[in-house]
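Next up: just one chain, as structure tokens, the form predicted on its own.
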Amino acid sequence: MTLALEPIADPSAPLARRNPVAKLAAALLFSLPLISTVDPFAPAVALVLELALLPLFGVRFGVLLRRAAPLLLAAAGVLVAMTLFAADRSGTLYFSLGPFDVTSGVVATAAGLILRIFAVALPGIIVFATTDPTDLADALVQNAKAPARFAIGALAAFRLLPLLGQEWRALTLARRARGVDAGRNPAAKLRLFVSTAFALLVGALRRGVRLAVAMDARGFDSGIPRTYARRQHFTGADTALVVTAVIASATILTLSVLLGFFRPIVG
């Protein structure tokens, strides 16, 4: 269990150099409108556009695929759930799995949801793959006017996340050294996983409390105006990135409506 949270992009890439707040805002404004429809057209076009722009962020496709690998589990879960519980089973019948009919309606709905998972998640993955966490915290305070206590606390928590992987390995090895091993028993493996996860959670909460006390003791919540070691400038190019993201999202939804693919999530 490992967590790699450092930037993996070429820092000299055109869009990788943009202000962290601008990249975060562009990702949100581009991906969130895709939730308004359940058709597969809008997320498919958005996904193609995201992959086309990937070189401008300096991220290699293979590296992005490794970061996005957990989304495959979510996609598999959606596919199984839709196959078993889809309400709309209209259209052409492809095959049957016992009492469950897999029709063109089921496939279209599942494809729309799976594509939406990737289309909504990839912008966020790209943002964090091209942004240093410290730069993001600085930009949130300086440009987004976020409370320093929140931004710096989030940065500290973000920096501590990789330690979870190390602690998980330490807990596993310690229990194995004490003879606690599930062997090939699935039920025992599940119980061992739950107990290890609970121990990891308790350790994380204790570390969080100690960190919060230490930060307060060092004056992170003193209320005195702070100075910044690294200034984060929001330029015209950053504004253009946000505006372009809004226009691109609106264009995709407009095409979906004009071509007759649009299926509102409500109504």
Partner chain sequence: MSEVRFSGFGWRHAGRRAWAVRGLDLHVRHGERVLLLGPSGAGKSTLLAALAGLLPDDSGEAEGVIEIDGLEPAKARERTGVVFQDPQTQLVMARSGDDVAFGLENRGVPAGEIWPRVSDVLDRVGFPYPINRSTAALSGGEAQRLALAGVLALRPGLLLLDEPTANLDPPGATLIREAVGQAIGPETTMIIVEHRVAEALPLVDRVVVLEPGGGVRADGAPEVIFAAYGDRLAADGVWVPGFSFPAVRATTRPTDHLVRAEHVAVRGRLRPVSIAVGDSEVLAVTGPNGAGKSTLALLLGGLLAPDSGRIEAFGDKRPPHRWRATTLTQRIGSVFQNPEHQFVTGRVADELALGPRRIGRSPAETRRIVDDLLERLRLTKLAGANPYTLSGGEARRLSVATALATAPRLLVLDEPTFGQDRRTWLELITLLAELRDAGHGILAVTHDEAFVRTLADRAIGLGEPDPEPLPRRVRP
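In this text, rigid core is short for the largest set of C-alphas that superpose within 1.5 Å between two forms. Model, not experiment: these values are computed from the prediction. Numbering follows the first chain given and starts at 1.
Unshown form predicted in complex with the partner chain; subsequent notes refer to it.
> Where, among 202 to 210, 234 to 242, 57 to 65, 41 to 49, do residues come within 4.5 Å of the partner chain in the predicted complex by heavy atom distance?
Replying inline: Selected range: 202 to 210.
> Does Leu53 make contact with the partner chain in the predicted complex, using a 4.5 Å heavy atom cut-off?
Replying inline: Because no heavy atom of Leu53 falls inside 4.5 Å of the partner chain in the predicted complex, the answer is no.
>> With the partner left out here, check for me: in the predicted complex, does some heavy atom of Gly98 sit within 4.5 Å of the partner chain?
In response: Although the partner chain is absent here, Gly98 would stay clear of it in the predicted complex, with no heavy atoms inside 4.5 Å.
> Using 4.5 Å between non-hydrogen atoms, is Ile152 touching the partner chain in the predicted complex?
Replying inline: Within the cut-off, so yes.
> Contact between Arg176 and the partner chain in the predicted complex at 4.5 Å, heavy atoms?
Replying inline: Output for Arg176 is yes: heavy atoms within 4.5 Å of the partner chain.
> Relative to the partner chain in the predicted complex, which residues of 143 to 164 have a heavy atom no more than 4.5 Å away?
Replying inline: If the 4.5 Å heavy-atom criterion is applied to the partner chain in the predicted complex, 143 to 164 yields Ile152, Leu155, Ala156, Arg159, Leu160, Leu163.
> Core-aligned, is the CA shift for Ala69 between the shown form and the other one 2 angstroms or more?
Replying inline: No; that C-alpha moves by less than 2 Å between the shown form and the other one.
>> After a rigid core superposition, would you say the CA of Pro55 moves by 2 angstroms or more between the shown form and the other one, or not?
In response: It does not, since the Pro55 C-alpha is displaced less than 2 Å between the shown form and the other one after the core fit.
>> Using a rigid core superposition, assess whether Arg206 undergoes a CA shift of 2 Å or more between the shown form and the other one.
In response: Result for Arg206: yes, a 2 Å-plus shift.
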